[in-house]
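The chain below stands alone, shown as structure tokens; this is the form predicted alone.
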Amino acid sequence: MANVSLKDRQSDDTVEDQTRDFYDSTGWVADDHGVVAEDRLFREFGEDHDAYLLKTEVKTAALLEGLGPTVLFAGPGDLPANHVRIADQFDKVVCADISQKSIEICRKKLGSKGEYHIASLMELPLPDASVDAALSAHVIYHIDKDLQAKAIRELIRATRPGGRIVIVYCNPRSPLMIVQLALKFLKINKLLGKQKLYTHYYSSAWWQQFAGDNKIEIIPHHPISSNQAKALLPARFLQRAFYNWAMRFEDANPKLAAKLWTYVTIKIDRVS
């Protein structure tokens, strides 16, 4: 048998393999202070971000309120506090993630209330129309660009007519993302740091392929990523001013905010 280098083996891995390996070995592993790597890499915004974060979490929870007894968390990760609060709105929670570490964490937090699957979002081990709502936050854009549509259709298949799917996604047409993607293209990565995971973002027009039997709405979610915030808002007074402005602007101009914000929420209502 020919020798195969580690680099060659890694190049043969699928995007899903690479993502699973990252989260099982690094992303969901806590340090001595109980902080997982995901927090250090992607969730550090500063103290003055808390009010905006709470507003965002309340808005997301409201989108899933009153929909029925069963919710699917598609890629729940370490089941952050906002997911736990959403879980409290439902009688049953289905957790599906490619990471074994993620499922172990979810099981510890939810216990017998949960149903757990180590599974790909492209092949959910769920019957048709078996959940009333689904949430997938910051997951879909880490799926291979050629498979993202398949993952969305699996979420639609598993959700009953009259149910709702909520997806937190990145907006590549936002001003900050245009700058970030330009820097990446030019290989000027020092400002925003080296990319740790595969990402691919589709613009808002791409989501219209799921219309027809579904109603699609794009809602502003968050104006800035943690790496963008670290680069552009290094001082607390800048953070405070920015997030206070963002809250007021989003309330007054939600449609424009959905075009300008780095992250958006895709709300898919199953009509039939």
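In case it trips you up, residue 1 is the first one in the sequence shown, and so on. Fair warning: this is a prediction, and the values are worked out from it, not measured in the lab.
Omitted here: the form predicted in complex with a small molecule. The next part is about that form.
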Using a 4.5 Å heavy atom cut-off, which stretch among 169-177, 126-134, 112-120, 85-93 contacts the small molecule in the predicted complex?
112-120
In the predicted complex, which of the listed residues (I152, I143, I165, V71) lies with a heavy atom within 4.5 Å of the small molecule?
I143
Taking the shortest heavy atom distance, is T262 within 4.5 Å of the small molecule in the predicted complex?
no
Could you tell me if I98 has a non-hydrogen atom within 4.5 Å of the small molecule in the predicted complex?
yes
Would you classify D13 as touching the small molecule in the predicted complex, given a 4.5 Å non-hydrogen atom cut-off?
no
Going by a heavy atom distance of 4.5 Å, is T159 a contact of the small molecule in the predicted complex?
no
